[in-house]
Structure formats: C-alpha cells, structure tokens
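Shown next are two forms of a single protein chain, provided one at a time as structure tokens under the names structure 1 and structure 2.
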Structure 1
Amino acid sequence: MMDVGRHPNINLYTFSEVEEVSGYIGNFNVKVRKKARFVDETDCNACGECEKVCPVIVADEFQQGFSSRKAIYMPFPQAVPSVYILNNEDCLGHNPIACGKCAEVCEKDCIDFDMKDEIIEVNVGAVIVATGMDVYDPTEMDEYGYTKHENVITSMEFERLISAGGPTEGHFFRPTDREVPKKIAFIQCVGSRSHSATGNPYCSNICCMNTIKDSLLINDHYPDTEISVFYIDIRAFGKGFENLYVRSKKAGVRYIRGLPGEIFEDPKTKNLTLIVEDTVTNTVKDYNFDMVVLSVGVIPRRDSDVVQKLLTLSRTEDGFFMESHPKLKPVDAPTGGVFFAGCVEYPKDVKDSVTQASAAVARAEVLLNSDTISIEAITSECFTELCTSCGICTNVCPFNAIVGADAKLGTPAEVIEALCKGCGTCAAECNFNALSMKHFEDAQITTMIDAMLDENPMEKVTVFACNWCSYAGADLAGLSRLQYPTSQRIIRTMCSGRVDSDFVLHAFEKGAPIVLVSGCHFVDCHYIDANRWTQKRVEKLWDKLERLGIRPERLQLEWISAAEGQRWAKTMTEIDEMRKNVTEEEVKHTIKVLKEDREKAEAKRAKKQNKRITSKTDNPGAEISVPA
C-alpha cells in the first residue's frame, strides 16, 4: 500500500466510494465521492494527541470488538495515508461544536469540522473490480451458540486474538476468564457446503487451510494445548498444502470426521460440551473444550448489488460475479473493458488472488495500449426510418448499449456497438422491426425454420437453443454418447432473448408439432438478465395460444446449462413423447388459426401505416406518432 501511495502514476483515493460509472470500453467516466474525514491529509503527522483527549469510546471494528477506539482514530496499523480520521457518526457533534477537544490540542490545526464530501471525476479506459468478499455471520446458526456462549468465537476473531498487533498483543486467551485455553475445538464449514436456509452450498476454499495454519500457530506458541478439528472432509489441494496437513497431524492435532449438532455451556466453568456424530465410527460422542473456534466461510460482498448496477455485471447463483468465459476469458467481465481480480469472482486464497490480479492488469494493459478495439460482428443495428422512439429497446438492453430513443423529441434509438454484446433481446422486443442483429437476422432465422420444416414436419421438434448454455449442453450430451431421440432440429442463437415471438408462431404455422425455447438458468445468464425477457415473452405466447384454441403445452421452455448434458437428453426424450401425442388435425387447425390471426394483424398494421402516411401528406410539418 505504501508503494502504491508513493507511485507517481497512481492516484489513490482512500475513504472514498464510486458513485457512478458511465461510458464504455476505453472511454469510462467514473464519479468518486471522496468522503470528508475532517482531518487535513497534507498536514496531519499522526502524532495521536487528538485521540488521547477524545472522550468518546466505541468498539473497534478492526479488532473485531475485542478492544475500543475513539471517535477520531487511525483505521488500522500501516494505514495509507497515515492520517487520523474523525467518524462523524461517533463524534459528539460539530454542527454546532459540542466538544472540539481534538481541534484544541492539534498544534498543526489539521482538524477541519467544515470539511465536505468531494466529487471527483476521472476518465479511464478500463476498470478492474477487486472488491473482495465478506465473512459469513454465524449468528444465523444458533446451534453453535455463537450469540449465547462467549467462548465460541469465529476464525476472524481468533486471528485478532493471536495476532501480535491485536488487542492482546499476541497473548492468546479465552474471553471469559483471560486464561490460556487448554483444549480448543475448530468447527469447519460454518456457513459453507450447506443446503439449509442459513448456509451456502459452495465451498469457501480457504477455510480448511486457514484452520490448519491456526492449529500449527497454536502448537508453536502453546505446545501443551489439545486441538481438535471437526470437519466434513479436508480440502488441501494447493501447492504444499497436503504437507501442512500432514505436519499438523504429526504435531498432535486430532481430526474428527463429523460436525457438532449442538453446543452446551457449563454455567460455572464456562467450558463447552459438543455433541458430535463421528461418521467414521458411526457413534455419537460428547467432547469437552475450553474454547470453540468457528471456521466461517466467505460470502460475496454485501454491497455487490451496487457494483453490479454500476458496471452492468452478471452474477452466479452464489452471488459472485460471472466471468465472460471460464476458460477463454477467466478475468474478463461480460461488460467490455471490465476485469475481475480476487474473491469478487469466487472464493480464492492469496496466491490465486495475486495471480488473477496480474492477469487482469495484463488484460487491461493490452486494451490501453491499443489504438482501436475489435468487437464481435454480432451487434445490433437500428433502422432509424422504422424507429418510433418508443424506448422499449433501451429498457430491455442489459448493457445499456442503446441510447437516444425519446418519443417526445422524436429522436430514434442509437446502438453503441462498443457496448453491445449481441444478445439480440432488443430485436426480439421491437414491435416495428427497427432493430436487427447482425448474422442472426429475422430473415435468416425464418429461412432456417422453413428449411427444417419443409419435409415431414410432424417428425421434428423445433428447438431454439442459446449459444452459451443449452447449445453447449446439447454438445456435451453428444460428446458423452448419451442416447436420446433425434427428432429435434436446433437453431442456435446467442441468447434465448433473441427468440422473437414471431419465430415461434412461424414455426407453428409451418407445421411444427412442438417448439422448445431453451437457455441459461436465470442466475447464469451470460447477458445479465436477458433470459428474463425470454420468460415474459413465452408467458405471453402461452396466453395467446390458449386464446386461439391451441394447446400451450406445445410450446416448451427449459433452462439447461452447459454442464447438464444428462438434462438435455432427458428433456429431449420427454419432448419427443409429447410430439407423438400431437395429431395432424391439431396441427392443421393450428396452421389455419395462426394464418388467419397473422393476416388480420398485417391488415391492421397496413391500415395504421396508411393512416400515418396520409396524415403526414395532409400536414407535412406535423409529426404524428402511431401507437404500437
């Protein structure tokens, strides 16, 4: 941090937060709110006299509440810049001044009660998201007694207690009696690898090795301490990790395969009794300890929703941010010019975080050293002569790549190609065919539908599959040699959001017995939330089909990921059985009804268009907008 603060080419904004990010790859505008710390950074020499006279005492967050701090304080040792900060919420008040003792003793007059927040605007070409993660709150798991028993602490609290810079200066003891505990238990996977409502299903990656490190640390400082670790299984997969695990067991640490079901406390001695099912011996045993350490997992940042909105990012079902491609672009965000580093993407240790940070910097450097950028030629384009400035496209675009549509001003929509990722949702939602997606145009897709249903349509299932998940899932099913009917005919789209309602109706009008629309799971969409518009569109189609007397079941919607080859095979088998139950009379009725409905809609549209043209001819200076 000190090197960063001294670097001439790095602007370090501490005690600040990003409020707004606009622009696109190579041309971002970032607004940063530099909060008022009420202490002049340039003059403060961190003498500490202000802290000594401050009468306010509150819990120190950095020390996990084991010690206190003043209202004016140094955030943590080696803070950069090494300047005190006055917490406005803790201060007795300075509007009007209720105390002012800190200002009185400051010889350099660094205290400025009139300091205001400052908005700083910077123009950057790339953004690296390295917001880290938060720690799981074990208060939700009441069976471990974290809120009831003082000698039950978290691994983060343990780190502060045993740290030389902690509240006890490295002299480890238990909170109740300040005695060195003789028997310590570590409980693994607290908040991780749990499918209950209070836990998270994923592995937090760092917990096992953190406990092994802590056990060796205690053994080095207090060799007589008995240490037991209760675990599901130990995951020591990194370089040298298995050696540390073996070393820990040789040092006498006892590993018991099983997690406690409940913890009781002796009201006199404050010792703790753990009820544990040993899954190796299939027995339930009681264990007594002086202290219990909960090895808590990690969770996504609690304010990650804000970051997601600022940069229009995608998230996985676990809440971490989703990369553009897990193999080809592991540090790139779906939004161009944005890169990931550290636990913002998934839980990882320091080594992996540093590795990813280096990769993110390298990717950003390649971008910044280029005069131009290359984009995939699958972006959308707007035909301004057809645009009615209704603004639907701007609402559905997950990347905010469409701007300018304003019905009041009559300005047409404009696509910023550097931002567009080619999901095609805008083209599918546009009611006036004013938007088209290159290489996935309406005419191209309808031609494919015509070709596949030209012969023996009753024997085929028309499938629209998204490129990233469903199409890849079908590919996996084929590579895995899974057996399923061959009746499906797949039309690949970049996203299920590209599947226009007209495509589905056209397939039914051409004699398709069954139509399947398939895409990513909601939380896994590579285009943030484009597949949610797919859901809405299909639900409207179900209502329309039912209104026209067509069985809605003939239109199916399935979410299949790239890893679900088995699910693809099962879905295709089930849908093929549904296809066999569709009769030719039912298909003929569908063709007749849809043809009549389409002809009515075309006649109505032509009438509106003629009315619009006539109105403009009669009054050339007037702009008349026709509702959809």
Structure 2
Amino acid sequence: MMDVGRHPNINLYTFSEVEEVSGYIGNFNVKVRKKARFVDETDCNACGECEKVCPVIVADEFQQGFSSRKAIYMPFPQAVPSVYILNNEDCLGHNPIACGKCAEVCEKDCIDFDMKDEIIEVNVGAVIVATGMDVYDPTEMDEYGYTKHENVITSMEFERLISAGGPTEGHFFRPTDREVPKKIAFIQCVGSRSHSATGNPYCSNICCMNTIKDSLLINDHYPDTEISVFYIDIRAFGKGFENLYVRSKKAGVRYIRGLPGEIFEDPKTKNLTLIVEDTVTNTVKDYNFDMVVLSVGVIPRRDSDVVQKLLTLSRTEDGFFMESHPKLKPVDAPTGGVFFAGCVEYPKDVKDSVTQASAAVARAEVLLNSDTISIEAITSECFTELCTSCGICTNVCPFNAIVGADAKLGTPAEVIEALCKGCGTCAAECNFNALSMKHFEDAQITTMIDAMLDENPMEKVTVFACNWCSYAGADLAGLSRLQYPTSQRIIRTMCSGRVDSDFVLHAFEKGAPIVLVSGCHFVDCHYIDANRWTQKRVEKLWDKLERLGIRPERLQLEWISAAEGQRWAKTMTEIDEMRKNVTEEEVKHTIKVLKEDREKAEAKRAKKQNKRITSKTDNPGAEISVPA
C-alpha cells in the first residue's frame, strides 16, 4: 500500500472518481473528478491536532460502526496517503461562527473550507478496471435476525472485532455484554448459493476459507471457545486450503452440514438458539450459542452501472463484468484496451486478485510495448452521399463508434474505425444503404444466397449464423459427430446483428422454403447487445410476412451458443421437418408477393430520393449549417 503512494511513476488520485472516458484503444481521454477533501494533501503531516478539537462524533465506517470518529479524521491508521479528510456532511465548520476549531489549531494552515472539486484530464492507452465488489447485506434475511438480534454479526464485523487495529484492540467479545463468547457459530452461504427470493445463486468463492481462517483466529486467541460451522459444502480447493481446513478440524472446530432455518434470541441472556436440519443424519436439532457470525457473500458493486456506461462494458447474469472470452481472454474486456483485475470480474480472494492483476498488466503491456497498434480491418464505413443524417446507426452501435449524424445540421454519419468492432448492425439497420460493412457487404452476402438457392431451393434451409456462437455451435456439432439432415446451408456473419431484413426477404424471394437466423444468447453477444437488434428486426419481419400472407413460422430465430452443439443438431433436424411442410404453391405465392412489395418500395424510395435532391437544389441554404 505504501509503495503506491511514493512510486515516481504513479499519480495517485484518492477521493476521486472517473467521470468521463472518450476515445478508444491506445488513445483514451479521461476526466477525473478529484473531490474536495478540505485538507491540503501536500501540506498535511497527519499531526492529528485538528481531530482532537473537532466536536462532531459520528460512527466510524472503517470499524463497521463499532467505534466513532470525528468529522475531520484519518480513514484508518495505515491510510495512503497519510492525510486527514474533512467530511463535508458531518462538519459544522462551513459556518465559521458555528465552529472552525480545526482550522484554528492547524499550524500548517492545511484546512480550507472553500476547497472545490478539481477536474483532471489524462490521456491513456489502456485502462485496468479494478473496482472490486460489495458485501452482501443480510438484513433482508429475516430468518437470521441480523440487526434484530445484537449478537448476530457479519463476517466483516468479525474482522474488526478480532483485529488488533480494531475498536476492541483485538479483545474479541460479543456486543451485548462485552463477554468473550463461550460458544460461537458461523453460518455459511449467507447471500450465496441461494435460489430463494433473498441472496444470489452463485458461490461467492471466498467465504468457506474465510470462516476456516476465522475459526483458527478464535481458537488461537481463546482456545476454550466452542466453535461450530453450519455449511452446505466446504469448498477448500486452493493451494494450502485443505491443510487449513484439516487444521481447523483438528483444533476442535465442529462442522455441521445444514443451514439453520431460523435463529431465536433469548430476551434475557441474549443467547441464540439455532434450529438446524443436519443433512448428514437427517435430524432436526436445536443448538445454543452466545454469538453467531454470518459468513456473508460477495456481490457486484452497487455502482457497477457507472463504470459499465463509461467504458461500454457488459455484465453477466450475476451482475459481474463480462470478459472477452471465459477461457481464452479472461482478463480482457470486450472493449479494446480495457482489462479486468480482481473481484470486478468475479468474486476472488487476495491471491487470485493479485494473480489476475498481474495478468491484466501483462495483457495491457502487449499493447503498451508497441508504438502503434493494428485496428480490425473488418469495420463499417459510411458513404456520406447516401447518408440522410437520420442517426439510426449511431443509436444502434453498441460501441458508440458512429458519430456526427445530425439531421438539423445535415452532417453525415462518421465511423470511428478504432472503435468499430465489426458487428455490422449499423449496415443492417441503415435504410439508405449508406453504411457498409467491409468484408460482409450486402452484395457479398446476397450473391451467396443466389448461389445456394438457384438450384433446388425447396430442398434447402437457409441459415444465418453468427461467427462467435451459432457458427461455433455448428462446428461443435460436427466435432461431436452429431448427425442431422443435409438440407442446411450456412451463411456466416460476424454477428446476427448484421443480418439485414433484405437478406431474409431476398432468400424468400429466391424460393427459400425456410430461413433461420441464429445468434448468441443475449448475455453472450460478442458485441454487447447487438443481437437485441436482431430480435427486433426479426419481430418486424414476422409482422411483415404475416401482413403479406406468408406464414411467419417460415422465418425462425434461435439463440444457440458455442457450447450447444447438441442443440444445433436438434434445431437442424426440427427445421428440416418444418421445411418438408412448406408447399411449392406457398413458395410461388411468396415469391410473387415479395417481388411486388419490393418493386413498390423501390419506386417509393426513388421518388423520395428525387424529392430530396430537388429540394436541396431549390434551397441551397439548406445545406449550410445553422448559425450557433
């Protein structure tokens, strides 16, 4: 900790928040808000005179509220930087008549009630997100009576009570009578591995080992204390973990498989009774304790959405940030030049956090070590002469890579290539063909449809599959030698978001009996949420097909992941059955109505375009930007 404060290569901004990030990999512009701490950081020598005279007493957050602090205080003794901070909300001093005592005694004149927030701008090439996690609040679990029964505490509170630097200087006692507990219970999986309304379904990873550690700490301090641990499973899977578990059992810690259904408090003694079903012996028993520690789980930071928006990140179902690839790019964020370290990605202990931090650094250094970096060649481009400045592309782009389209100013869209990841959603959504996706252009895809359907179209199922999930799922089906009918013909796009409505309609007009659009499940989308646009588009197409008297079932939409080879094979078999039910008359009718509909739309578009060109010539001023 000390080292970060004095390293010549580190600019440390504490009590600061990142407020804005613009730019892209290699070239991020960052605005940092350095909040006013009302104490001059460079001059304060932490003499503590200010604290002595401060009349305000509030609960100390660092000590979990077990002790108090002043309005001007040191966050904790080893704080870096070793500088006082004045809590604006607690302080009376903003009216010097009311107080101002601290400023009077500060010999170095460090205290400035008028200090303002400062905005600092930095340019960086890479970003490491290490925003950590929050701890589960068990108040909502009525059965454990946390906050109702005073002798039920959390594992975080336990840490402060056992710590030599804590409010009791390491003399552990229970809150109600300041007596050392003779019988103490730990309850595992509080807020974790829960499928009820309270808590989270995932395993928090660190609580089993933390409890084992805590049991040994008590045993060390007070060998006579009886310790029981109530658990579902003990997960002691890391290096040295099993040893510690065995050590704790040898020290006499009792491990009971089963979680309490309820905790009752004796109103007189404040002792606690736990009713537990022991799942080894299948018996329900009462257990009495002086004190209970809830081994609370880890949750994503409650302010995760702030960082998510700043860096266009995505989150997995459990709320933690999603990595670029769960196995092969576990520390890379989907946004180029951004990396994860620590619990922001998933709950992990100190060692794993440190390991991941060094891994994130190594990944960042791959970029930092070169003077220039290559940018993906498969990006979209805008043909400005066709652009109507409608801004749909800007709206759908998951990476905010398209800027400049302004209908009022008449300025066309512009693609920032370094930000573009190549999903092609913009090209699919643009109604004026102004946006084109390099290497997956309209013509390159329609020619594939033509080639595959110009002979025996009735025997074929046209499939659009995204590169990362569905196409990979089809690969896995092959690798697993799963057998399915030969009717399927696949067109690969990078993302299902690239599948233009026109591709689907073109396939039907070419005589396709059935078309399948397939992509990643929503949480897996390689392009954050581009496949949400796929869904919207397919829903619109279903409406259109129905309106034109075409059975919407002939257009199928499936989310198939890279791990779902079996599902791919099953889907192919089912869709082939659907294909067999499509009649030639039906297809003929489809071709006819789609052709008519297309010609009508083309005529309308041509008319509209002519009008636009004429109005521009009639009114030359329209192209000049509006004065500011």
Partner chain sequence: MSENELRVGVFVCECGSNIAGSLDCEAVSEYAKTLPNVVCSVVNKYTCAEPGQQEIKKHIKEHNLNRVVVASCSPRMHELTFRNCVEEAGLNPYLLEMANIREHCSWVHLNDWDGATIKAKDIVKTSVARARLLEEQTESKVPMTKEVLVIGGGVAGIQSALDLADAGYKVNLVEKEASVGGLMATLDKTYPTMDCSI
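Keep in mind that what you see is a predicted model, and the values were worked out from it rather than measured. C-alpha atoms forming the largest set that superposes within 1.5 Å between two forms make up the rigid core. Each residue is numbered by where it sits in the sequence of structure 1, with counting from 1.
Looking at the condition given, the form predicted on its own, one finds it describes the source of structure 1 alone. A movement of the C-alpha atom of Lys70 falling short of 2 angstroms is seen between structure 1 and structure 2 when the two forms are aligned on their rigid core.
Once both forms are overlaid on the rigid core, the distance between the two CA positions of Ile575 between structure 1 and structure 2 is 2 angstroms or more. Residue displacement note: Pro513 has its CA displaced by at least 2 Å between structure 1 and structure 2 (rigid core superposed). We note a C-alpha movement of 6.2 Å at Pro485 between structure 1 and structure 2, with the rigid core held in register.
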